[in-house]
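Here's a solo chain for you in structure tokens, the form predicted alone.
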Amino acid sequence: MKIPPDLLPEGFRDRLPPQAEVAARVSRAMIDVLTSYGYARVAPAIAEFESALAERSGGAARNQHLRFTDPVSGHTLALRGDITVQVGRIATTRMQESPRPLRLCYHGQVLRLKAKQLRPERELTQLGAELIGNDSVAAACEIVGVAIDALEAAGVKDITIDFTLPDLVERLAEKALPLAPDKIDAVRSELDMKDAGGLSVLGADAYLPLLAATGPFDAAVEKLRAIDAGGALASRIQALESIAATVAGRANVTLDPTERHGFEYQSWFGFTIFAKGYSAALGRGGTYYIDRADGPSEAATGFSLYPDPLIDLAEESNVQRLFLPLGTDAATGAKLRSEGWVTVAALDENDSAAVLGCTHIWINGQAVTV
């Protein structure tokens, strides 16, 4: 069966005018915010050696990469499914001598083998910032604030930030609410699924109050504070309150301390970003560690945003297109473009302002509305 020339694989699409222009404008606005905070842009390769990429991504991600054999090296390569791990590679290898904290940002396409229910696309735009060498409360405050600023620059309103504590179970299991090592993963899973019955079956009733410590931040954090954990949560709660205070009035803050989906590799703090009008999360971030081949792991804090839904719902910009009749000299066109006009020059007598989608026409030294 011959494949129609305009048919693309499932989960892929072309962006045509003016949507492609909207995509560039939205992404540019967000990147400009990141660079204004001192995050230098990097552009990692779209493909890497599969073995190295899988090792940095975690073994579970190995089957999530599209792999192929490189005809030049003979090695198996993989198309990236996440740019964050590539930024970590760059930071700990080619930029390992750069002063810390190292602020890097990025923007590019990533490929997923399978689409998610709320995200049918397999080719996604990923944009983000990584603060490498610091995972303090101050770093977390900066990262959350930058993420909000970037979304606001793209026109997003009614933002909600959902906080989580990825290492919560491990921290409590050490002493406050002891657990056998072989039960930790199971308890984390039951908490993530909000399964009270499953926790009871595991003999982890002491963890049940965590299920109630969810919802609007102020109320949820008080429920978390009320859990008798021998002070094990005091520093975490104080940190969450400090971060929440920096975004007060700018975003709604909620808390789900046992959320683990998407935070498998985060350390003490994680967050997910939602906004009114968008069905899926717009991004997530938090603190984590980057493995180094030449020494101990390096702390980092960052976020990734997926702006494709923003592009789909963004309004088209009101571009003023000026038609230049046949014979208009090049100097005139150059001057008009320097003044901010988008010019469309006639190539023969059959071209017209109306057919070429122009809003104005150059007549007798003036831009006249069509």
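Remember, predicted model here, so these are calculated numbers, not experimental data. One rule holds for the numbers: they count along the sequence shown, beginning at 1.
Omitted here: the form predicted in complex with another copy of the chain. The next part is about that form.
- By the 4.5 Å heavy atom rule, the three marked residues A244, N252 and S304 all fail to count as contacting another copy of the chain in the model of the complex.
- Contact between G365 and another copy of the chain in the model of the complex is not found at the 4.5 Å heavy atom cutoff.
- Though the partner is left out of this view, T343 does reach within 4.5 Å of another copy of the chain in the model of the complex, counting heavy atoms only.
- For the chain shown alone, E339 is not a contact residue for another copy of the chain in the model of the complex, no non-hydrogen atom being within 4.5 angstroms.
- Among heavy atoms of P101, some come within 4.5 Å of another copy of the chain in the model of the complex.
- This chain is displayed without another copy of the chain, yet in the model of the complex the stretch 135 to 143 from 197 to 205, 135 to 143, 167 to 175, 276 to 284 comes within 4.5 Å of it by heavy atoms.
- In sequence order, A20, E21, A24, R28, I31, D32, T35, S36, Y37, G38, Y39, A40, R41, V42, A43, P44, A45, I46, A47, E48, F49 are the residues of 20 to 49 having a heavy atom within 4.5 Å of another copy of the chain in the model of the complex; the partner itself is omitted from this view.
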